Every structure is written in structure tokens, then in C-alpha cells.
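Just one chain is shown here, as C-alpha cells, and it is the form predicted on its own.
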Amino acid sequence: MAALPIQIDRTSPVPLYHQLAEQLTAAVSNGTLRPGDAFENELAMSDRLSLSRPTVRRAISELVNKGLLVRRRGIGTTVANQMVHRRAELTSLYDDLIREGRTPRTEVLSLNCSTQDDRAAEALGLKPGALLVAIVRLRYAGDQPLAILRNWLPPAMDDLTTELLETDGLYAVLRARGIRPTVARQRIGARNATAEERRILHMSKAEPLVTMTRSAYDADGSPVEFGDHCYRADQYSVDVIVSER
């Protein structure tokens, strides 16, 4: 592979490994390095940039930990399949894809404006048996099916249309109506895909799903939506920053 043009400023207070990691990350994000591309050998990069091997190793480890690079025995380091990295903040998958420089596309699999689901009703602060708006969408990143998004909304949203949901993200639709999701409770997990989910997401039987349930609330604490989503694990990850209290 061609050597990436890397600029290291030794007079900067920014650590050398971080300068390198940021430029390597940018090369993956902007498509200079493509999924499957071989990555420059650690020793060669160290010699070329006049950096110590521990500095280069730490920078590369940053990208491995982010899921941007993959180390394989006998093959070396390669650029990983492109993934969506959702930070632990209140964003929509639609917004995440745009931020990653990818092209989101939505197919509405079903839209039912008078359905019942007791779990969703409870999450929305409604009585069991209340009529809800239920949406099932298939979200693509370009031509790649990425996630099945199941959402329930209060009955006041019963004028939603398929065309509107395929044009923009759900949170953008809510914001356009003056509904602003401000805080959410999320639970992230993993499970095996059903046969129908494997068919829709083009997955093999051995591949797992990342799952997320979310109850979102506005600034007054009123529930605005409940979601139960599943994502291809090879195309999705969650970044969480933790700190000591």
C-alpha cells in the first residue's frame, strides 16, 4: 500500500501517538483507506515517521479499539468493515450515518396507526390496551441493510405517512412537530437473529445481532417514543466514555 502522508508536529503539546491516531482515523473515515485495505507495517511506519515503535503501536491500538482496524494472525493489520460508531448520547441512527459520511436510506416495512402493545404502552405512560402508532423500518447504509427499527409512538402521531418516514429520521420528524427528545433510557444487548431478521438483513445463521431498547423523554419528562432496534453486529458499535466520579 502507498504510505499515508502524515504530519507530526513535535512542538505541539498534543501527544505524538494522538496526532498519529487522529490522522489515521481521518484516513479511514474519509475513504483514503478502504475496508479490507492492508495497513502499513508498524516497523515501517515507525522508521518512516521517526517515531518510536511504542508510540506507533499505541496509535494503531487506538484504531483497533475503535473497530477501525483488525489484526489477523498470518494476514497482518487491515482496515475493518465500515461500522457505525454510535456514542452514548441521544442521536438517531439516521444522524449517525450522516456523521460517518454514509448515505442513510429507509424502507418502511409496516406502519400501523392503531395497534396495541402493553410493553410499549407502559413505556409511553399509557394504560394497557391503549392504541399506539407502531412503525417497523429497515435502515440501510448505502445499499447495505444495517438495522431493523421498531418504534411505538403516542396515538396523537397517527397522521404519519410512509413517505415522511422514508424521507428523514424519526427524531427529525418529531422535532419538526415541536417534539424534542431530550433524554433517554437505553438498554444494549445481543442475541441471535430470527430467520426473518436474517433474511431481511442478509445475515448468516452464525452472525449475532446488537440490540437496543430505548425510552425517550422530552425536557418535561414526558415519554415521546419507545424503540426496540436490532443491528448487524459487524456493522455497528457503541462508543462509551467513562470517568471516575
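In case it trips you up, residue 1 is the first one in the sequence shown, and so on. Source: prediction; values computed, not measured. Only the largest set of C-alpha atoms that superpose within 1.5 Å between the two forms is called the rigid core.
The following text describes the form predicted in complex with the DNA, which does not appear among the structures shown.
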query	finding
Any non-hydrogen atom of Ile75 within 4.5 angstroms of the DNA in the predicted complex	yes
In the predicted complex, Glu42 touching the DNA (heavy atom, 4.5 Å)	yes
Heavy atom of Leu16 within 4.5 Å of the DNA in the predicted complex	yes
Contact of Ser29 with the DNA in the predicted complex (heavy atom, 4.5 Å)	no
Pro54, Gly189, Gly178, Gly36 - the one with a heavy atom within 4.5 Å of the DNA in the predicted complex	Pro54
Partner-contacting position among Arg48, Arg58, Lys66, Arg198 - heavy atom within 4.5 Å of the DNA in the predicted complex	Arg58
Segment that reaches the DNA in the predicted complex - one of 124-132, 106-114, 149-157, 67-75, heavy atoms within 4.5 Å	67-75
C-alpha of Gly221 off by 2 Å or more between this form and the one not shown on rigid core	no
Core-aligned C-alpha movement of Glu42 between this form and the one not shown, 2 Å or more	yes
Ala156 C-alpha moves between this form and the one not shown by 2 Å or more, core aligned	no
Relative Cα spacing, Ala184 and Asn65, in the predicted complex - shift of 3 Å or more	closer
